[in-house]
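So here's one chain in two forms, each on its own in structure tokens, numbered structure 1 and structure 2.
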Structure 1
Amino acid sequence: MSAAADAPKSGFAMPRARAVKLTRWAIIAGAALFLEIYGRFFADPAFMQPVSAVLKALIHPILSDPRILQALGLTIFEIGAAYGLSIVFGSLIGVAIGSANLPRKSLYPVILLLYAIPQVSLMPLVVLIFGLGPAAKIFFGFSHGIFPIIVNTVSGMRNSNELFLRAAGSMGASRAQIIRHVLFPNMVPSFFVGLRLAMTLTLLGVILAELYVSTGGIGYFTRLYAESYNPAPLFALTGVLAAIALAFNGLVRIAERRLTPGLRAAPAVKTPKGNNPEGTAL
């Protein structure tokens, strides 16, 4: 009975997932076709090029210029370093603030105030402290990425069920055990939301820093192509940066599926041969 009931559901789920993928690719193909036609016949070539020209620019000069490839490698390192620092310090500060009422009431408003400050206004100060090298870009990306992680970590810990907290305390659980076994599992979904937001903002912070202070990084080439009215390599370089962001976000989603209890794949149950009480065909 159960096997027969589950068969239509699984059979329905697969076409639906396939339809979602086909719809997604159809939208992408339609947008690319529209941009190709508009860029080839209607747009000003000084401001927009068709998709085919952008793909040609991706091969040359983007992927064939060793200076651009070196700048891409440096940018990936800066994004990874800034993102890693944001995760470490953001999670530690978030747990420290969200685990008790005193730091949450006293420090959390300060965090929200700092989060609301436009980071671009601090760029001259960052340059004065860290100079024009990678340290300034890493710190600027770090300053963008740490706050979403702190805010979402605190939010996840504050949304813990009060009944669970009281039950754990009544059974003699210590503060560390409550944080580990009650607060942490409840915090995980909100924490990964913060990680995805932090990835986007970290990339934004690093690219902004390169636009302002870099003399040979991705920001420099982006500014060079924009100022010379050469949109094809500019859009190609933007697409490469988007691919980098998608790769980092993909890693975050893989970690989320592995670490979030509700998203873990259930282990397959093997049915012993010859043991088929329902009488259905295996």
Structure 2
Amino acid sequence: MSAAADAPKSGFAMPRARAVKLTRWAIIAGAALFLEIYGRFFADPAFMQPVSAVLKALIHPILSDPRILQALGLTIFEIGAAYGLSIVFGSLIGVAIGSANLPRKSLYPVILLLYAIPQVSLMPLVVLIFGLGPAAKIFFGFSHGIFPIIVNTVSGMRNSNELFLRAAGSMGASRAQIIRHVLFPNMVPSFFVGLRLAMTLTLLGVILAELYVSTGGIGYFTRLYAESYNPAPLFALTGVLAAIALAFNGLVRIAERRLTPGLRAAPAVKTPKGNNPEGTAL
């Protein structure tokens, strides 16, 4: 072992996790740069505009037109309402079906079958029944969002480990205590899987209906821009909606992290003196 070989390696060194993150952002920035250059110099402006033009369109007209802002606000409201309804009814139905053997074994397959229906084929019907306003969009988001919540509530209740239940029973827990301390914490992870999926599907349902109804709301503007070959505001509006979708997904993720027992960061453990972590690496 020579002294030179033992000298710490100097120069360029970056923790791997940071390098990964940087690369990820570099890919995204590279894609934006490509779109900018392609849009500026090569593309037909009727179909494609550079990123800078899209950003300009974001400020004007998208974020300065009160009609668009109102439509965006309404969309956010519709997503929130549809999602709230999905959670309330989804978990109620889920608990009702999952709480006993017979309804679970008989009705759960029916739910799964309904879940498999491509709801998009019902879209014209929903609009026919609920009209062109927010009601149709909220219902369509709700009808998309409710199924994953039912399904994951039921499977979360079923997954409650028999062993935990028996352990709790042997410790003399009452039925209410078992539900509160065993069944409920146990179904939380699965329930959040349902919440995440439900958010994705609620967004899909609301936006599908928004785009379908082209006489008002977001759908009116997307159609307007697409048919007048005005890509910059179309891209900008799409970008805003994508940001809204990402924000909603982010909210669910944050709620999941804060509310799931066992997912919160573990409290720091003090390392006893003399336990050299470098040494254990060998």
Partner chain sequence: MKSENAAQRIIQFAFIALAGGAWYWATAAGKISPLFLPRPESVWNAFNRLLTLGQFWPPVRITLLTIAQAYAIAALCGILAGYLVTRSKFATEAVEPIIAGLFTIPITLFFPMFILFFGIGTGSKIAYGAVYGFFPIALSAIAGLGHVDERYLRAAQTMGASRLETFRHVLLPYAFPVILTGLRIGFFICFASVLGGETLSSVSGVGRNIALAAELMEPARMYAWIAFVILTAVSLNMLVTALENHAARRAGRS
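Residues are numbered by position in structure 1's sequence, first residue being 1. What we label the rigid core is the largest C-alpha set whose atoms superpose within 1.5 Å from one form to the other. Note that the structure is a prediction, hence the values are computed from the model and not measured.
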(message) Between the two structures, is it 1 or 2 that corresponds to the form predicted alone?
(response) 1
(message) Quick check: residue 79 between structures 1 and 2 - does its CA shift reach 2 Å or more after fitting the rigid core?
(response) no
(request) Inspect the rigid-core superposition and answer whether the C-alpha of residue 151 shifts by 2 angstroms or more between structures 1 and 2. (result) yes
(message) Quick check: residue 100 between structures 1 and 2 - does its CA shift reach 2 Å or more after fitting the rigid core?
(response) yes
